[in-house]
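Given next, in structure tokens, is a single chain: the form predicted on its own.
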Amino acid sequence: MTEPRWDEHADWWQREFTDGVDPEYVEQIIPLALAHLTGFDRVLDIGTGEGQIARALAARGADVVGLDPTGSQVEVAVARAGGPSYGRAGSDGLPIATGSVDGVVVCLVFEHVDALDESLAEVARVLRPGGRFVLFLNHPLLQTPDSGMIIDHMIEPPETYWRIGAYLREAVTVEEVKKGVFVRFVHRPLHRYLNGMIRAGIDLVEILEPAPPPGFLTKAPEYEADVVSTTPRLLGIVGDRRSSPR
């Protein structure tokens, strides 16, 4: 149901990225999710993890269900409570009735999922016509395998720039994101996500490319160089379920 690494490293994720300790979630991702799902009362959070986005939506009054394939994440989500209901499921087989939700949020999940087209089809299936889809990704252009900040000391003064890897080549990598913590990533170019949404019946509403938030730059001062601080780490895609066939 889920890759073993997620169960092995769930405590790392919970410790490093939840419960208010990660500025990218606190200052950027959660506010964007709330802003773009305001007024959508029945929301499904796919890949909910320990539920921090689901809890924020529930605190705003939404009826939220959070689904995740990783048992150790769902256990913590249930323990932290906060209003949502939780269950275990993968993104390509949702135990949710067709057309039964007003909004779907998927945050930093689909870059770890092989079955992208099947998952997008499931998003479209469970959304009512006119329902809202909010997708957050590690920016697929600027977080490509082998991308990263480069400080070129061969130039005087040294030049800082962002190196971009093989963007158009789809690839699966396993990256050591912290000592002893290995995460599997599936890189795809942006058009794979957009075209998959359109084929599934979801029309594009807005693209979001926010700069890294102040709290992140404070924790990672090496990113303060202008070229890097104005390079988005996050990509947001907002779409609405098509009301009628094209």
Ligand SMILES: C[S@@+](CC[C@H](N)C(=O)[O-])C[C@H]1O[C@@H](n2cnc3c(N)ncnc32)[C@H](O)[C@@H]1O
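Quick caveat, the model's predicted, so the values are computed rather than measured. The numbering used is simple: start at 1 and walk along the sequence shown.
Although not depicted, the form predicted in complex with this ligand is the subject of the following passage.
Q. Which residue, 37, 202, 53, 65, has a heavy atom that falls within 4.5 Å of this ligand in the model of the complex?
A. Comparing distances to this ligand in the model of the complex, the residue within 4.5 Å is 53.
Q: Could you work out which of 126, 109, 116, 141 is the residue within 4.5 angstroms of this ligand in the model of the complex, going by heavy atoms?
A: By the 4.5 Å criterion, the partner-contacting residue is 109.
Q: Answer yes if any heavy atom of residue 212 is within 4.5 Å of a heavy atom of this ligand in the model of the complex; otherwise answer no.
A: No.
Q | residue 69, heavy atom within 4.5 angstroms of this ligand in the model of the complex | A | Because a heavy atom of residue 69 falls inside 4.5 Å of this ligand in the model of the complex, the answer is yes.
Q: Check whether residue 89 has any heavy atom within 4.5 Å of a heavy atom of this ligand in the model of the complex, and answer yes or no.
A: Taking the distances in the model of the complex, the answer for residue 89 is yes, it comes within 4.5 Å of this ligand.
**Q.** in the model of the complex, residue 28 touching this ligand (heavy atom, 4.5 Å)
**A.** Output for residue 28 is no: heavy atoms all beyond 4.5 Å of this ligand.
Q. For the chain seen here without its partner, which of 161 to 169, 127 to 135, 69 to 77, 96 to 104 has a heavy atom within 4.5 Å of this ligand in the model of the complex?
A. After filtering at 4.5 Å, what remains is 69 to 77.
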